[in-house]
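Have a look below at one chain only, the form predicted alone, in structure tokens format.
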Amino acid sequence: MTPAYLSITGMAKAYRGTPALRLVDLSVNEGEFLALLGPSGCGKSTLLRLVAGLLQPDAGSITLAGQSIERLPPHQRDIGLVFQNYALFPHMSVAKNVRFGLSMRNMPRAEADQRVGEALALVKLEHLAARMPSELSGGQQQRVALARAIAIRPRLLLLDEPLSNLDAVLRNSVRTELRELHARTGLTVVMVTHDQAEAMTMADRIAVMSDGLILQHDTPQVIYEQPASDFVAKFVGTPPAAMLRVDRKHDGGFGLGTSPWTPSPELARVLEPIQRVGVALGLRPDHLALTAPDAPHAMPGTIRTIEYLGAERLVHVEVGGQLLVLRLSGDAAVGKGEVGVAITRVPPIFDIETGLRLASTG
């Protein structure tokens, strides 16, 4: 088995006695784009800064391309880093900003000129080489920061919330540009983000973090379709999964709140062997459909709100005292009132107490 290009083992870090990372293990393959995804305070930026050498670990090791680097100073790690605020030098032109890392390495002028030109061409900014940062848009500044990081030809590129300062429209376009840049360069990239849409659309794999731990590390598709816990299911997806509690009744049947309910045969076959009084179904919009209230296996519900989003409508339905979200086409005719909700495929099933996934057929 080929060893990981970046390997993090037993990584721990605390601030004034409060753990930020709890013995984290993580591997990244060469040429891979990995997203560290999680809410604020989960430890993802701390992990990135430990890899960059801006922080020292309390415990653990970091290996990059077969070399142990956790005790190396940042400038000896050959790692490119793009910060959230880009950190451009305001008194330097675009070209001089990109050249900065090369100058610090005492690179000969001719080679540095070539590197600057190549890096600016990669981010499509060669025509702005003489501009000052204050003369650039936010998206252009972000690309200058990328060019500066790429110019040194790093062994690893680290991105710390690189799109958070951009407006929604620009964020979408730069997201595509970043993915294309990764495809052209083949760089190994680790990106920190709290935006699950960024992680899902840009990364080859995602490490979902919470409270200093990695809860799941897999491809976007696996994390979306087979979340390891209810936290992952509720954090990933737009809209996120809703947790619907299903209770086992004394007669062996099932209920939603105080109302009895007969699940479909497919879902019943998965629920039957689970020895729990109650479980949670992780229901995404694509698991659900509207039907008649008296349709077989339908869950009785009441439409509470409808969001019109142009190409689609999000319909919020109360079922058993809990809100579920369904996705319909934008031209679908739907109004408020009593409806039935059908579960169209078996969803992930979670333990009520631990939040861990118990079963799923996908």
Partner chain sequence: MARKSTVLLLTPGLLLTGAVFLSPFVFLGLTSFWTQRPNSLLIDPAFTLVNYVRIATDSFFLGTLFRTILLGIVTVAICLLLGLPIARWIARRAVRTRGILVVLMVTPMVSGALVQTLGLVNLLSLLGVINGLLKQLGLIDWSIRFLGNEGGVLIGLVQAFLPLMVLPLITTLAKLPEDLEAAARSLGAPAWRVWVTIILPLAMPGILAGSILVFFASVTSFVTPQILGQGKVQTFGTVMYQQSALVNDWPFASALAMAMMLVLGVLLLAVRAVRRGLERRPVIGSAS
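Numbering follows the first chain given and starts at 1. The structure displayed is predicted, hence computed values, not measured ones. In this text, the rigid core denotes the largest set of C-alpha atoms whose superposition between the two forms falls within 1.5 Å.
Keep in mind the form predicted in complex with the partner chain is missing from the figure; the text below concerns it.
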Look up in the model of the complex whether Arg269 has a non-hydrogen atom within 4.5 angstroms of the partner chain, and give yes or no.
-> no
State yes or no: in the model of the complex, is some non-hydrogen atom of Met92 no more than 4.5 angstroms from a non-hydrogen atom of the partner chain?
-> yes
Partner contact for Ala183 in the model of the complex: the partner chain, 4.5 angstroms, heavy atom | no
In the model of the complex, Arg105 touching the partner chain (heavy atom, 4.5 Å) | yes
Out of the stretches listed (32 to 40, 46 to 54, 59 to 67, 305 to 313), which one is close to the partner chain in the model of the complex, meaning heavy atoms within 4.5 Å?
-> 46 to 54
Assert contact residue (the partner chain, in the model of the complex, non-hydrogen atom within 4.5 Å, options His75, His127, Arg71, Arg109) equals His75
Work out which of Gln221, Gln275, Ser134, Thr176 lies within 4.5 Å of the partner chain in the model of the complex, going by heavy atoms.
-> Ser134
Partner contacts in the model of the complex for 150 to 187 (non-hydrogen atom within 4.5 angstroms of the partner chain) | Ile152
Is there a C-alpha shift of 2 Å or more at Ala183 between the shown form and the other one once the rigid core is superposed?
-> no
Exceeds or equals 2 Å, Cα of Gln221 between the shown form and the other one, core fit = no
Taking the rigid core as reference, does Pro133 move its C-alpha 2 Å or further between the shown form and the other one?
-> yes
